[in-house]
Structures are given as C-alpha cells and as structure tokens.
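Here we start with a single chain on its own, the form predicted on its own, put down as structure tokens.
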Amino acid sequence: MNIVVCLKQILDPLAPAREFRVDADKKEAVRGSASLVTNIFCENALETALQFKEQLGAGKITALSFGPESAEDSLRKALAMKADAAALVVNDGHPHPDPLAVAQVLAAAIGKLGIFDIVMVGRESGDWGVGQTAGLLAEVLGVPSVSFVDHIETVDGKLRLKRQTDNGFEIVEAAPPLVVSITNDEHNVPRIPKTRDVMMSFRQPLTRFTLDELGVDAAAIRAGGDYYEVIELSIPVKDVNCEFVNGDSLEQKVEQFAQRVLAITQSL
C-alpha cells in the first residue's frame, strides 16, 4: 500500500501573543516571529497512516509538502516519526496560494512520485482553516474523496473508514485509490519521535521539486493566489472598561446594574 501524506507548515497557533507579529503592509502574519510547526491535523493524518501501515505489516509512507524551504523541518519530523520518504515542492512564489493551486501542485508532485493507493491530508490548516484541499486534490487526481476520517482498516480486501459526522460517526467502505481528509481523535494523537530517530532523520534523503520540474505554470499558481483579497489583518486589541454601580443598599446597586445592562443591550 503506497500512502502519501501531505503536510503543511504553519505558525504555531499556541505561540504566546507577544511572539505573534502582523505585517500591516503585506497584510499577513510574519513568518519567523513565532515558532513554525506542522499543522496538527496533518500530523493526525501522518499518525493515522503510520497506524494503518503497522496494521498491514507493510507499505510505504511518503510525506509531501508544498511550502518554503523551512517546510523541510516538518518533513524531517515526519521521517523521525517513521515515514519512509519525504518530498518538498519549493514554493518561492505566493505565500498563500489558494486551495485549488495547492491541489494542482500536490497532484503534479504525486504524479512524479508514482502510483499511490491513498493520499491523506489534514482536515484543515490551523492558519487559514479553509479545509478544501482534500476535495480539490481528489478532483484533480480524478479519484473519490472521503472526509473527516479518523481511522482506517482493511476488511475483506476493502478499506473500511470511520468518519466523524455531526451526529456521531459512520462507517464507509471504499477501494483505492482515493483521497482522505483526516480529523483528530483520541486514537490518532501524533506520536513523539525518539531522539535517535530525530537525529537519523537528517541523514535521510529528501526529494525536492521545483514547479518547473513538475510542469506547473508558476505564474498561473501565483495568479491563483489572488482569488481572495485580505482587506485588513490585525491583532485584536483587548480593551477593558470597568464601571462601578453606586447605591445605598444592595437593592439599589442591583437595580442600577440591571439598568446598565439593559442600556448596553439596547445599544447593540
């Protein structure tokens, strides 16, 4: 079973507010101001792939990322977690390509990597949270897609996928090849790699692709990043106004407080 797991590197959503910066001119978060991490849903996807491979007793997992050079860190971590191979498509253009552009690049890279059975992506990213990559990637690859999956197993030669729904979960059977978006569950919490495996991951080869090598029109990909416009991006300002209610008795204070709440409510 050949499994491709797509990883995205993002600014750490749990970084302290003091480390987070916004470039007002570019209207984007400043990379490098806070730690860069692998999107947690992508790590859930990798953990699900690792557990599936362990269940099968064989297979190959390739970690794939489309991003800047720093995305190599996410791929090295994937190798440390026991992915078998890693590939990086270097993004030297638009910092936030739209989901269709990402899907087209990933599909071209997957085509270069060879035959696949399952492509796993995170449910959504922790920065923009669009959550469209899986469906668009399946469309570009011409294969089915199953969303919000948290567990995969094989039964009678078929893939049995457990997916979360608004009312609980449902079981879906499918045959490869397909694209699966992975969500989090208590059973696919990403494992912590051993120190030795982290060190060894830097000795493993990492395949690099440029957009030209994939036959992707870089200008078209960058133009695709203009499908939305960021009007304003700012860090919320915390403003606290404290007022005291006066009165000679508790009843008077409660009455004044109620009148103040009523006035605020009516002003909204």
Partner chain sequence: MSNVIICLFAANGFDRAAQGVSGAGQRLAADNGGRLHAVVIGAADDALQTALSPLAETITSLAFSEYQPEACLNTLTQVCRELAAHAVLFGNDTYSQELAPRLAYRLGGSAVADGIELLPHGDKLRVKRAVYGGKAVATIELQRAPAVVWLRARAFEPAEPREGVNAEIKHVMPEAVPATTRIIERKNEAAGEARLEDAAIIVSGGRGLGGPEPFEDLKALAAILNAQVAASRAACDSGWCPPTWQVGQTGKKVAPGLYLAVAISGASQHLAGISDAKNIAAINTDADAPIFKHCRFGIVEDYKKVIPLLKEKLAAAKS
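Small disclaimer: the values here were computed from a predicted structure and weren't measured. Between two forms, the rigid core is the largest collection of C-alphas that superpose within 1.5 Å. Numbering follows the first chain given and starts at 1.
We do not show the form predicted in complex with the partner chain, though everything after this point is about it.
- Figure note: of the listed segments 169-177, 79-87, 107-115, 191-199, the one touching the partner chain in the predicted complex, with heavy atoms no more than 4.5 Å away, is 169-177.
- At a distance threshold of 4.5 angstroms between non-hydrogen atoms, residue 235 is in contact with the partner chain in the predicted complex.
- When the partner chain is considered in the predicted complex, residue 231 lines it closely, a heavy atom lying within 4.5 Å.
- Contact check for residue 144: a non-hydrogen atom falls within 4.5 Å of the partner chain in the predicted complex.
- In the predicted complex, the partner chain lies within 4.5 Å of some heavy atom of residue 251.
- Interface residues of 94-131, taken as those with a heavy atom within 4.5 Å of the partner chain in the predicted complex (partner not displayed): 96, 100, 123, 124, 125, 126, 127, 128, 129, 130, 131, in sequence order.
- Residue 23 is among the residues whose C-alpha shifts by 2 Å or more between the shown form and the other one once the rigid core is aligned.
- In this overlay on the rigid core, residue 12 has a C-alpha that sits less than 2 Å away from its partner position between the shown form and the other one.
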